[in-house]
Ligand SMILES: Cc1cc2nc3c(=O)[nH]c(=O)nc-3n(C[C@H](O)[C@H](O)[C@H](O)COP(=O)(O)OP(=O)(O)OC[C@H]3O[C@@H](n4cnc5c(N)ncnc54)[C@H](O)[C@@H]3O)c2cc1C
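The chain below stands alone and is given as structure tokens, in the form predicted alone.
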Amino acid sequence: MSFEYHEPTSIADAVALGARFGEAGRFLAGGTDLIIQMRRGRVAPRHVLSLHRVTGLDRIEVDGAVRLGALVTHRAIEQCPHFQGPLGALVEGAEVIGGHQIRNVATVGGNIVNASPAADVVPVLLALNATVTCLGPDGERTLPLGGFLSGPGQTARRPGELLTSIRFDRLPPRSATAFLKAGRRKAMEIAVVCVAVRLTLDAARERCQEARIALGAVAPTTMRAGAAERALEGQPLTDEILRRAGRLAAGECAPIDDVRASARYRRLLVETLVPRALRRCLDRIGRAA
């Protein structure tokens, strides 16, 4: 494993180096994915561009919207007081990534760019309608997270382009989020299935005003269950409606058989976890009233 190591000190310098090296260069954030891939020979960049000395990429900003710098760590998400209420799914997704050592260095931007279908925080961000902003030699552009993820390990990021931030709107009143993960063990495990849900009730708290359901590890990319979402909106959230949403979500996904689980088992998990996550949201909205 031979490469040249670079330490830009500003976003502008990092983007300039990214443009200079193109496909031969890779940005290094936390390194918890990239270094492993390099050691296994899956990627072999000739230039590694460390972002550790670049300022401004590790900030969490909360005002009318929420903005996460690409270098925000999962530990920072766990500890952020703004994510202890309705946005609690972010904490639930972050706290099941690896162990403490991994979460102290692994970044949300790196997790997105790695584009694993089984990523834990990505479904939460997808359920929050997050967008990602990239900066490259042709300037800045912002894309919906769902459109940025194009396949296993693949994104719409252009050569030399740096993902700088992730943004999503704050939740309206009577809203909550929830994240559930199923794995073969309880800690430091790649998801067999993960589900993130965002739910907003109407003013009377009797019907669903808006629902977002994101699924991980059941398709080539993290995906939204659109039919299940539409089946919830405008409906009273009875047990039967919640179960129907689970069945629809299971029918929408396209899981594979692998060493962790069969496709059939993954669909059964989706059918079970979607109603459970929705009930958790309902409980959280009720307790916040």
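Numbering starts at 1 and follows the sequence shown. What you see is a predicted model, and the numbers here were worked out from it, not measured in a lab.
Quick note: we don't show the form predicted together with this ligand, though the next part is all about it.
Taking Ala89, Ala217, Ala214, Leu163 one by one, only a single residue has any non-hydrogen atom within 4.5 Å of this ligand in the model of the complex, and it is Leu163. Scanning Ala106, Leu145, Cys208, Leu128 against this ligand in the model of the complex with a 4.5 Å heavy atom cut-off leaves one residue, Ala106. Only one of 170-178, 75-83, 195-203, 108-116 places residue heavy atoms within 4.5 angstroms of this ligand in the model of the complex, namely 108-116. Remark: Gly30 counts among the residues lining this ligand in the model of the complex, judged by a heavy atom distance of 4.5 Å or less. With a 4.5 Å cutoff on heavy atoms, Glu189 counts as touching this ligand in the model of the complex. Put simply, Arg224 is far from this ligand in the model of the complex: not one heavy atom of it is within 4.5 Å.
With a 4.5 Å cutoff on heavy atoms, Pro152 does not count as touching this ligand in the model of the complex; it lies far away.
Along 40-75, a non-hydrogen atom within 4.5 Å of this ligand in the model of the complex is carried by Leu51, Ala70, His74, in order along the sequence.
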